[in-house]
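This document contains two forms of one protein chain, each encoded as structure tokens and listed individually as structure 1 and structure 2.
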Structure 1
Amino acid sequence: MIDFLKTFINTIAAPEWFVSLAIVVFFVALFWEKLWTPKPALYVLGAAVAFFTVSLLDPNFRSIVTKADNVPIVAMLFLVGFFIWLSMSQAYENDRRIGRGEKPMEASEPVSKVLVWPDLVYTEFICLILFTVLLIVWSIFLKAPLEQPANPGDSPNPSKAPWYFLGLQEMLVYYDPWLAGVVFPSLIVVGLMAIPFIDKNKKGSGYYTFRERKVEITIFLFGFVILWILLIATGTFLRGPNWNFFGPYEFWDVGKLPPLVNINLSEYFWVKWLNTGLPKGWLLREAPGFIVVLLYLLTLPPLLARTLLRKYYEKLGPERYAVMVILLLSMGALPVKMYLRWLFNLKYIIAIPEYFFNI
């Protein structure tokens, strides 16, 4: 029974299942108002803690999760869950008030202003003291890791970036370094900075609400939870030697070979569908890939402006709309490539290794 459960969890922890499940859970949960009240939250928390505690009995699970540098990541998963719950529960609470024609909680304080001393300074002080105590206790019980002295000739397997960059390293599975390591991170930073300038919704400023900002919140949380936190968790806990996937209860076997052979779009097109060989010159060879990418980046924006995103196009005007839609498409590029990989074993859409230009 236990073994069956472990095998089951090992199987659904594989990226294609894990990410798909997470996406489904994400959308169901976000729109399921009842979930964001104390009782269901406690059940979920209880289940998570139980899963975690029982799993600790497994030696493989324990060895990864209790690695000193990984402990904070476990804590982060719980914290992110808690704070998303805290914000969403207040958002739904306010939505119910707004639905009844009342003002949000934040606008219904009996006294609208208070003195900083003592009301704010004391809260801050208590927060700082509690955090200091936590940090000291944490530091006494968990030693900072120190491995063998640096040896440039002996690279450990797996070599992992610091934990907060593991989402990017996980992206390397699907995109080459110039995209996963340079272009996408830059777009994340630029995209975050652009948020206040492309979100022209005047409502929902200064209080928690969901119904007044459904689309914005859904997009942001999707990026934060699925494309950032979840990928970090995958990179930390589920990637072993050679960046192969390992289930949470699986031994990190250096010899594990991934069974898949990935194929480029050019091979699909010329060899499999047209039954001719690959053309010699890269321009012709990669023409199908270029067309696909250009269709994605150039045809989708005007198409969306007329259909799904029409409201936004009218509200934002062409410039802001263009910035928004390019950012959204870049964000969508990751899940798109993930599913192309999982469903068709697609390696590159465009592959020009001569110029290090692979997409």
Structure 2
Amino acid sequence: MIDFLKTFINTIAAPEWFVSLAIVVFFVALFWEKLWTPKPALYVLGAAVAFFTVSLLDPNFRSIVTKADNVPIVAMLFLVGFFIWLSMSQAYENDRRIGRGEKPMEASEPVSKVLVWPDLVYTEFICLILFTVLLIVWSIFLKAPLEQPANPGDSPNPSKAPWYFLGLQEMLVYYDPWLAGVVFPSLIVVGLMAIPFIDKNKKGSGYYTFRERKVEITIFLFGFVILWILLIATGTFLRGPNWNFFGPYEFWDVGKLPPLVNINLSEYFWVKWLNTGLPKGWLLREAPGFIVVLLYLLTLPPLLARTLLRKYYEKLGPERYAVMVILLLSMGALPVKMYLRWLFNLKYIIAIPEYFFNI
């Protein structure tokens, strides 16, 4: 029975299943109001701790999560879950208060003056002492994962970036470095800077709420939890030797060689569907890819403006709406490309190696 459960979990840890389940759980949990109250949250926390504790009995699972590099990531997952629950529980509580005609908790609390000295400095000093003690104890019982000096002839396998870059390293599997390492991070920074200028809705300013800003909070949490934290967890716990996927109870076998059958959209179109050879000119060869990308970027914005995002188009106006929807489509391009790779073995939509331009 235990072996069956391990096999089942290893099977659903495949990226197409793992990410799909994570997305479903994310949306169900986000809109399930009772989940953000203390009692159900304690049940979820207890189940997570029990699953983690029992899983530690498996040697493969234990060797991964107890690795010195990975222990902080395990702690991070629990901390991220706690603070998201804390903020969402306050948001739903304020929504209930507003629904009853009351003021949010932040507005109803008495305003009291807090002095920098001694209140703030004293609190920071106590935290400094406690965290110093924690780091000393940590360094004693958990040895730093120091390795030999860098040797270009002996690279570690898998060769992983620091945890805060694992999301970008995972993106490099699906996009070229100029996109995954330059364009998308730049869009993230520019998009965060543009939020106050795009969305001028004053609701939710100074207090927690979900009902008044459902779309904004959902988009932000989807980008943060699914497209960042989940990618870090994937790169930490599920990416093994040769950057292959491994289940949480699966031995990291260096000899595992899954078949690499990834092909480009141009090969699908000209070779598989039309049964002809690839055209010699890159423009004609990649014409199907250009059409798909242009349809994605030029057709979806007006379509969404008339359907799902009609209210936001009317509220923001054409200029701010255009910026918002381009940022939204750029964010959505990552999961779209991931699923195309997993389900159809699609490598590039546009592949122009002559000019090092691939999408």
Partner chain sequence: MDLKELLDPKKLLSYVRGTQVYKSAFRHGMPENVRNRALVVLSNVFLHLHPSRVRTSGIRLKYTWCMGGLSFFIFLVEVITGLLLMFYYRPTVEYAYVDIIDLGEQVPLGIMRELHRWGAHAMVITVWLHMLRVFMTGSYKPPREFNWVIGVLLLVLTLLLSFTGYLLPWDQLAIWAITVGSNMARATPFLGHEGPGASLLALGGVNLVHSGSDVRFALLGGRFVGAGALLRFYVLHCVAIPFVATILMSIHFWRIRKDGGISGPM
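Numbering runs along the sequence of structure 1, starting at 1. The model shown is predicted, which means the values in this text are computed figures rather than measured ones. Take the two forms, superpose them, and find the largest set of C-alpha atoms that agree within 1.5 Å; that set is the rigid core.
Enquirer: Sort out for me whether 1 or 2 is the form predicted together with its partner chain.
Expert: Comparing the pair, one sees that structure 1 is the form predicted together with its partner chain and the remaining one is not.
Enquirer: Inspect the rigid-core superposition and answer whether the C-alpha of residue 162 shifts by 2 angstroms or more between structures 1 and 2.
Expert: No.
Enquirer: With both forms fitted on the core, check whether the Cα of residue 119 differs by 2 Å or more between structures 1 and 2.
Expert: True for residue 119: a C-alpha shift of 2 Å or more.
Enquirer: After the core is matched up, is the C-alpha of residue 137 off by 2 Å or more between structures 1 and 2?
Expert: Residue 137: C-alpha displaced by 2 Å or more between structures 1 and 2.
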